[in-house]
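Here you get one chain, nothing else, as structure tokens; it is the form predicted alone.
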Amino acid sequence: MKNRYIDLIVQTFDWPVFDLSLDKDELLVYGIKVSDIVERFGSPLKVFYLPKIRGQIDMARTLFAYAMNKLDYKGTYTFCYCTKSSHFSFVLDQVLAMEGHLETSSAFDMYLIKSLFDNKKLPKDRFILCNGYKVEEYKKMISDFLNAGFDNVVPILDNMDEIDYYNAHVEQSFTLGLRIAAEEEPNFSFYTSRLGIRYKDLKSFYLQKIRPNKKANLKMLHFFINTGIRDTAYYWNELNKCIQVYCDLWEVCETLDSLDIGGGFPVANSLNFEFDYEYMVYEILSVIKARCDDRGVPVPNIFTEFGSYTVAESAFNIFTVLGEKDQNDAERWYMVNGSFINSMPDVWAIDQRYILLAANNWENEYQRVNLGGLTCDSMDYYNSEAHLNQIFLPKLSRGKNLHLIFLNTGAYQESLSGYGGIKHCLIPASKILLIDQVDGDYSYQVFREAQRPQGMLEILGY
């Protein structure tokens, strides 16, 4: 009977898969033995593998270049990164080193943009797409950038009154975009997104408030689907509606030349994950080209704003099992040295599943377990995988630690958990480790040490 953990994985999945492999009974990620990382830097640990960010950007560009060439698509492609997915400087450094462009969501984002420019990391000609419902400080920062000669800072209007502020405060001509208030998917709580301008209002708004304007030039239509780019009837229906609106606007607007197909690619949450990125890019461009050709409209330049796709797969969380608890005949717990609520809040908030694997002890027999975090909250647990409603992990060995790894955790988790602030039950934020690889050589840098008691006490006023 094959009842080892390695047998379970090999029989269940096409192994090895992604950037994972095995050295005897030790897991390797990007060719690095996970247990060696723990031995050197400890756990719990958050690790970012920087080459993956660069690789994702390169892959997106390759996919669009290939499809555009195959379709004889005459527009250009521009890769933008959503800063809200991860604001860390090391992420933005990778994006900008790859000559990527940026998408912002708030006034504080603009201070980040200013810091990057002041430190000579952000050239003045990069596109900065400014999204979101904008408070006055956000609009002021956008206006200040435009007045300072950042001509590719593009405010994406979220409502029809927003343009009035730029008219009053921007001193020269500027370009802008319009965000469509797309219909939400059928099972969502609302019919239409709270963000953007209704389909039926876009053309009349342009004719009444933008075309007569001597300073504003409409460049872009922004199309965002909350569920991301997926091969569903809902997605294709919304995309077709968007293209029709684009064609309607182009017929009355000679400056309109770009379409932002916001909403990113999905990220793997299981070893069984399958998504044909090449097919989706080709089909999206094919649909756009066909609809535009039918209307006699030049195809738009394409912008994407990929956030999770860019950064999620670059990171992973490592925990160590502290001990085992049998609470009843059916429920066995592995207690880990961290908190899921604090480190991966999407687990708690939206029941997000990640790829979970043992980092060592693959030769041990496996058993069904639940994972418990260190906080006193009953919801601080992880008990199912995306492909089945339970977890199997190696049995514990006396005198040998069991390390666990959660993959593809690089997007949103630090932002949502309030990195550097107060954590539930004062469980500290993990140490953050950066790994890079250049010419086959790995380099390691501790970006932040684990949170210390004194820092929390200062925040709390002690």
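Here the structure is a predicted model, which means the values were calculated and not measured. Counting begins at 1, following the sequence as shown.
Unshown form predicted in complex with a small molecule; subsequent notes refer to it.
Participant: Tell me which of 83-91, 348-356, 292-300, 363-371 has residues with heavy atoms within 4.5 angstroms of the small molecule in the model of the complex?
Facilitator: Heavy-atom contact with the partner occurs in 83-91.
Participant: With a 4.5 Å heavy atom cut-off, would you call Y382 a contact of the small molecule in the model of the complex?
Facilitator: Taking the distances in the model of the complex, the answer for Y382 is no, it never comes within 4.5 Å of the small molecule.
Participant: If you check in the model of the complex, is F224 within 4.5 Å of the small molecule, heavy atoms only?
Facilitator: Yes.
Participant: Is Y412 a contact residue for the small molecule in the model of the complex, using a 4.5 Å heavy atom cut-off?
Facilitator: Yes, Y412 lies within 4.5 Å of the small molecule in the model of the complex.
Participant: Does at least one non-hydrogen atom of G307 fall within 4.5 angstroms of the small molecule in the model of the complex?
Facilitator: G307: yes, in contact with the small molecule in the model of the complex.
Participant: Looking at G263, G75, G177, G196, which is the one with a non-hydrogen atom within 4.5 Å of the small molecule in the model of the complex?
Facilitator: Residue within 4.5 Å of the partner: G263.
Participant: By the heavy atom within 4.5 Å rule, which residue out of N342, S314, N317, N131 makes contact with the small molecule in the model of the complex?
Facilitator: Flagged contact: N131.
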